[in-house]
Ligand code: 1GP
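Presented below, as structure tokens, is a lone chain in the form predicted on its own.
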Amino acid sequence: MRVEKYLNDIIERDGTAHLTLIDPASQSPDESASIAFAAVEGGTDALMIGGSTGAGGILLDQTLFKIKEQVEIPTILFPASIAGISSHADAIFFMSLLNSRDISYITTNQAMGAPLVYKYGIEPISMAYLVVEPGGTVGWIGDAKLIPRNKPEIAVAYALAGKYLGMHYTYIEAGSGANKPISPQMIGALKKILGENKLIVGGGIRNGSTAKICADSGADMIVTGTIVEETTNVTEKIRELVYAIKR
């Protein structure tokens, strides 16, 4: 299965895809697998596996093993560094945090990780990664020069740079646990200039109405992560989000 084509086909068919982000450092591998199974039951399209801290190595491998015992949908690595690469995933968001002040998150980790991605035969999906205020843990870890929430033109400039550099996807987020999502104005401005390139939006999306606003504003994919760790019924919460964003 080519994961990028799989996602693009879902977007073409349904309008918007849903991705569930699972952080291996937030619970045991068995608990991660239970979350993955429940998310699939709710209708999520793919799983992102990764986190800002402590999400690599043996823990990452064990988490992927357990998840793959439970579900068949694609697993996509969402690495904070070279430590977030595992041979057991289907694909990797091969991304550059374009608004980082630290070159490690723009090109160094990518250069170190590329030979592993090649060796393991993981499908790379090129992605420009942008972090907006407040930024959360990822903004701090990635030393991001946070994009102001009320400055869509700055986000557009970075996204255009990513597009012109050949990146297929742009992922913009406000950080895990953000109290509100990216604004509809920023999402709309980004989608307008990205055209056929896919726009992923995450951070602060906690209910169906918010997810629908993001999708209607131009998001091709919606990511939810923190909410699946907080809710007592993962299946119903994912079902609520998925129902809201599909045509």
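The structure presented is a predicted model; accordingly, all values stated were derived computationally and were not measured. In this text, residue numbers run from 1 along the sequence as written.
Not pictured, yet referred to below: the form predicted in complex with ligand 1GP.
When you look in the model of the complex, the only residue of 46, 55, 38, 178 with a non-hydrogen atom within 4.5 Å of ligand 1GP is 178.
Taking the partner from elsewhere, residue 219 is found to have every heavy atom lying beyond 4.5 Å of ligand 1GP in the model of the complex. Though the partner is left out of this view, residue 235 does not reach within 4.5 Å of ligand 1GP in the model of the complex, counting heavy atoms only. At a distance threshold of 4.5 angstroms between non-hydrogen atoms, residue 204 is in contact with ligand 1GP in the model of the complex. Although the partner is absent here, residue 223 sits close enough that one of its heavy atoms falls within 4.5 Å of ligand 1GP in the model of the complex. Stretch 165 to 173 is the contacting one of 84 to 92, 165 to 173, 69 to 77, 97 to 105, since its residues have non-hydrogen atoms within 4.5 Å of ligand 1GP in the model of the complex.
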